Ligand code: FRU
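Encoded as structure tokens, the following chain is the form predicted on its own, with no partner shown.
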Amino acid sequence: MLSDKRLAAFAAAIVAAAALTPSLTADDSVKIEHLGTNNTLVRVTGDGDILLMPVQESIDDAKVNVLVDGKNERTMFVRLAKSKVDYKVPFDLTPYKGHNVVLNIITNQSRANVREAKDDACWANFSVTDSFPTENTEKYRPAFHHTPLYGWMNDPNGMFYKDGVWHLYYQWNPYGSKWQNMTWGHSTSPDLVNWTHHPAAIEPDGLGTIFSGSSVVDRNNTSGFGKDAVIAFYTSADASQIQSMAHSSDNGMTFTKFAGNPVITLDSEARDPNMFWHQESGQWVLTLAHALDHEMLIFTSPDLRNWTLQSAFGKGLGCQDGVWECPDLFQLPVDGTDKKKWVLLCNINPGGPFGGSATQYFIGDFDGKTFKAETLADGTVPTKWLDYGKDHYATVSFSDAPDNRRTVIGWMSNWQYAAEVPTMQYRSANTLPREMGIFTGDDGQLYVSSAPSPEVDALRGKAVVNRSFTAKASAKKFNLPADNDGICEIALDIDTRTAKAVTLTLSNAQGEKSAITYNAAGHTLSMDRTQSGIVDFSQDFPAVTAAPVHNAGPISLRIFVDRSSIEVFEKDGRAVMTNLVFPTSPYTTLSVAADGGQAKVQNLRIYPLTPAAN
């Protein structure tokens, strides 16, 4: 396992490695032995710490068995380059110093003979090195959102807060920028915006790869692993999906897998265990996504080891499309009252309001065993969405957050095109951290709000614009901060008065634009990214998304613009939209225009945002 300092050095070669021109033969640090058209041995002969493996994303996965002194230490799947090298990925050799390391590689590429197989680009580009740089060289890597140092990332999972530190784990492929080899990556932060990367926390084993789950701090040692031990539950995914446990005595930096795994087994597909301590009943509660049955299963336990199935929720309710995944169940106060309600998050794919993946939720009551959703007057359970953009999924909360906060974070992408977005060194980022609440809408229904966490304010520099004005059909234009690629927060209040709508347009010199419109008559907030920049990598990417606004009258907006994303929050998170954008050059201008009349824009502020240390 790499130390944090070694991880930084280990992370140090992707930029240089990705730029290497394929050589005709492998260097002296490896020896290539072709056994047939689809089977090759790569013997490690060099003394470096890292084996660099060349990747071509358009190629099928090769099966790579890592043999250490003749024994199979692990199996991974890598898209080894056939005709060109897109980039290289590292394999850590430090645990095997002094041992013989051989990669037994089985490819799926079609070849007529061994001579043809020898021509694959990968064989000339394996090498052993001591460094692996991860400096940001990609124009679209976010400045103030969490991303992996390299490789593919999807669901956040296992998050908890302890001793002043936020721990974020995530679904990670260390060996390529497309989904595969699911592992728990790990980052920590003192403030939710500046992140330190750590070695992988939980890696695949004989039960399968490591899918999503959750972590808790066992303050009373109910599990027997020690007071304040961190207990993680995750899905082991191979031929079946089963639930496993691991424990940590060093605040989640390393985990030991439970010898009795798996802990929960079913005869049907289920995943993403999420657990918490239920004070009223004095027991642990775990929700589990019964994915294909479109329901959430609820288990209880006194000790985190022995679990009893108590109930199921969801069949026939809410959006029933796709699969149900990544549940989270928690209690929140209702704004302006002395009441509390329970919220059940249910992430689904596909079936989102604008296609692909999204997060729906239910509000109701929970007695320690059963969740019951609130209904409308006609007895139906309404479908409600946490975020009305296309790029907000797998939303789950940090356990043990301070001051009774319910802080969540999501995956900022969509399964429709996540593997095709125009990045390569890494793929995917997390959303901004958000604080959850419950409010009463104008229609009398309860809704969940999702507002930027207060720590985000620390990113602000001095406002470069601070104006109030009357918006008319002829747009007023303002420059975005030029010294950091237009990365900024835009905040303003809008009173539409006689106008039917007010549109805020972010644009660049190439004519690319993203338009955010508040429609007063329809009480909707929309975003059009059909001309936002690069949109042709997927037919599902060009889109107009719209969110209902649950209050009449003037509105307040906060808009966060990063290199490849726009997050829009209305009125303390009562309406939220998260969308990716890929302008060919940064947006430089904000235009504000009213349609059908005049509107009053007050307190327009544009703050440059200082890139975080991610």
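Keep in mind the model is a prediction, meaning the values are calculated, not measured. For every residue, the number given is its place in the sequence shown, counted from 1.
Below, we turn to the form predicted in complex with beta-D-fructofuranose (FRU), even though it does not appear here.
Chemist: Which one, 197, 82, 271, 294, lies within 4.5 Å of beta-D-fructofuranose (FRU) in the predicted bound form by heavy atoms?
Modeler: Result of the distance check: 271.
Chemist: Only one of 179, 77, 469, 478 has a non-hydrogen atom within 4.5 angstroms of beta-D-fructofuranose (FRU) in the predicted bound form; which is it?
Modeler: Contact with beta-D-fructofuranose (FRU) in the predicted bound form is made by 179 alone.
Chemist: Out of 198-206, 331-339, 489-497, 154-162, where are the residues with a heavy atom within 4.5 Å of beta-D-fructofuranose (FRU) in the predicted bound form?
Modeler: One stretch meets the cut-off, namely 154-162.
Chemist: Any of the heavy atoms of residue 393 lying within 4.5 Å of beta-D-fructofuranose (FRU) in the predicted bound form?
Modeler: Heavy-atom contact with beta-D-fructofuranose (FRU) at 4.5 Å: present for residue 393.
Chemist: Find out whether any non-hydrogen atom of residue 225 is located within 4.5 angstroms of beta-D-fructofuranose (FRU) in the predicted bound form, and reply yes or no.
Modeler: Looking in the predicted bound form, residue contacts with beta-D-fructofuranose (FRU) do not include residue 225, since no heavy atom lies within 4.5 Å.
Chemist: Looking in the predicted bound form, any heavy atom of residue 92 within 4.5 Å of beta-D-fructofuranose (FRU)?
Modeler: Looking in the predicted bound form, residue contacts with beta-D-fructofuranose (FRU) do not include residue 92, since no heavy atom lies within 4.5 Å.
Chemist: Can you tell me whether residue 412 touches beta-D-fructofuranose (FRU)? I mean in the predicted bound form, with a 4.5 angstroms heavy atom cut-off.
Modeler: No.
Chemist: Counting only non-hydrogen atoms and a 4.5 Å cut-off, give the residues of 313-343 close to beta-D-fructofuranose (FRU) in the predicted bound form.
Modeler: Residues within 4.5 Å: 325, 326.
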